[in-house]
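One chain comes next, on its own, written out as C-alpha cells in the form predicted alone.
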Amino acid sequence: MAELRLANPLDLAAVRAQFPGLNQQVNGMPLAYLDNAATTQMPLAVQEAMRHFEQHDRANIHRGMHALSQRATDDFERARQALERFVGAGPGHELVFTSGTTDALNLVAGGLSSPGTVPAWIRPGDEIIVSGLEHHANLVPWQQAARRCGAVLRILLPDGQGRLHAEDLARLLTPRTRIFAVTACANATGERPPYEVLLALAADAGALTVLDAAQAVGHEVPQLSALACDLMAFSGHKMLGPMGIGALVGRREALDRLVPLRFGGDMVEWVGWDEARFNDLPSRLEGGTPNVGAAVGLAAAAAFIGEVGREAIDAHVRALRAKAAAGLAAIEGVTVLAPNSSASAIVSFAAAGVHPHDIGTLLDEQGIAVRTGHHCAQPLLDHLGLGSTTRASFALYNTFDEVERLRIGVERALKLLR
C-alpha cells in the first residue's frame, strides 16, 4: 500500500501526491477539482486496499468454509469495526452497510413506515419533522412514509439566510412528533446547522432522531456517542472512498424498529415454505451479497482521514471556504448563500442575470470543476428565492491557488455573459 508521509499536519504536496486524478489537464488547463460535495477523489491507499482484496481475498462472505471466504468475512467485519470507531459509535450502536446515504435514509423511512413483524413506528396522525435544508434523499422518503402511514409531515423552515433555529423547532415539537430528520451540513448552501442542539431538543420530546452526515463525514466527522442521535447515514464517495457504499449506524433499539426492505440470503435465520425468521442485526438489514471490496475501501478511506488528521482537514477546508466566500461576495452582482457559515466545505452562489449552467461551462473551459443546478434541494432554493446556483466544494487536497482561480474564473465568466 502507498504510504502517506506528512512533514506537517497538512502538507498539501504530500497529500496531493496520493490523488493521481488531480494531476491532469482539462481543456488545456490544470484541473481544479472543486466538486467534492458531489464526489471526492480517491487516494492511492484506498485503491490499493480494494485491489488487494480483489486480487487475494475475493469471495462471498459468512457461509463459506474455505479460506478465501473466511478471509473475505474477516475483511468485511474488520471494515465494519473500523468505521464504527471512525464515527464514534459506542457499545450500544451497530453499523449496517448500505449503498450510500440515499439507500440508508430510504431504509430508515421505509423501515419505520412499513408493516412487518412489529407495528410500524409511524402511525396515523403522528408527525414527522424534516428540516428545510435537506437533500431530496432526506425529504422524499419522509413524504412517502407520511403518505403511507397517514402521518403529518412538517418542515422546520430556515430563515432568510438559510439558518435553522432551535426556538423554531421547539414550537413545532408536540407529543405526536415521532421523527426528526436533519442534515449535518446543507449540500446546497454550505450551512452547518446547530444539529447537536436540534437533535437533543427532538430527543427530549420523544422523537426518533435521524442525521444525514453525508456532507460532514469527510472532515467534521460527527461523533455519534456524543449526540442525541438514534440513526446516522453517510456515504463513501463523499469521504475519499468508493462509490456505491455507505452506512447506516445507530442505536440498536432504533435499528431493531426497522422492518427489512430487502429479503433474501444472509438476512434470514430460518426459512420455511410459508414463513421466515429474520437474523439479528446487522445481518437482518443487509440482505444479499454485500459490496465487500467497497467496504474494505471505505475503511481504508477512514484510516486515511485519520492519518492526515481530522482537525487539520476540517481547519483547511473551512479556510478554503472562507476565502472563496469572501472573494465571490466581492464580485458585483454575486450573492453567496450562507455567507456566515464557518464550519463548512461548501460555497454556493448566484449571479444576477446569469444562468449557473453558463458559469459552470465557462469555468470548465478553464479547467475548474464545479456543480450547477438545484443540488437535489429544490424546495430549499425555492424557499430562499434563488433558483439554481453554482456550487464549489472543497476537500483536503484543494489549494488556496485553486480558490483564487475560481474567483478569477467567475469574474471572467460574468464579464463574458453580461
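Residue indices: 1-based, along the sequence shown. Worth saying up front: this structure is predicted, and the values here are computed from it rather than measured.
Omitted here: the form predicted together with a small molecule. The next part is about that form.
- Within this chain, residue 135 lines the site of the small molecule in the predicted bound form, having a heavy atom no more than 4.5 Å away.
- Taking the partner from elsewhere, residue 260 is found to have every heavy atom lying beyond 4.5 Å of the small molecule in the predicted bound form.
- Contact annotation for residue 192: none of its heavy atoms lies within 4.5 Å of the small molecule in the predicted bound form.
- Mapping the unseen interface onto this chain, residue 177 falls outside it, with no heavy atom inside 4.5 Å of the small molecule in the predicted bound form.
- Three-residue candidate spot 348, 372 and 388; no residue lies within 4.5 angstroms of the small molecule in the predicted bound form by any non-hydrogen atom.
- This chain is drawn without the small molecule; in the predicted bound form, the residue among 37, 49, 368, 42 with a heavy atom within 4.5 Å of it is 37.
- Proximity to the small molecule in the predicted bound form, defined as a heavy atom within 4.5 Å, holds among 209, 344, 113, 183 only for 183.
- Look at 120 to 128, 214 to 222, 272 to 280, 148 to 156: in the predicted bound form, residues with non-hydrogen atoms within 4.5 angstroms of the small molecule sit in 214 to 222.
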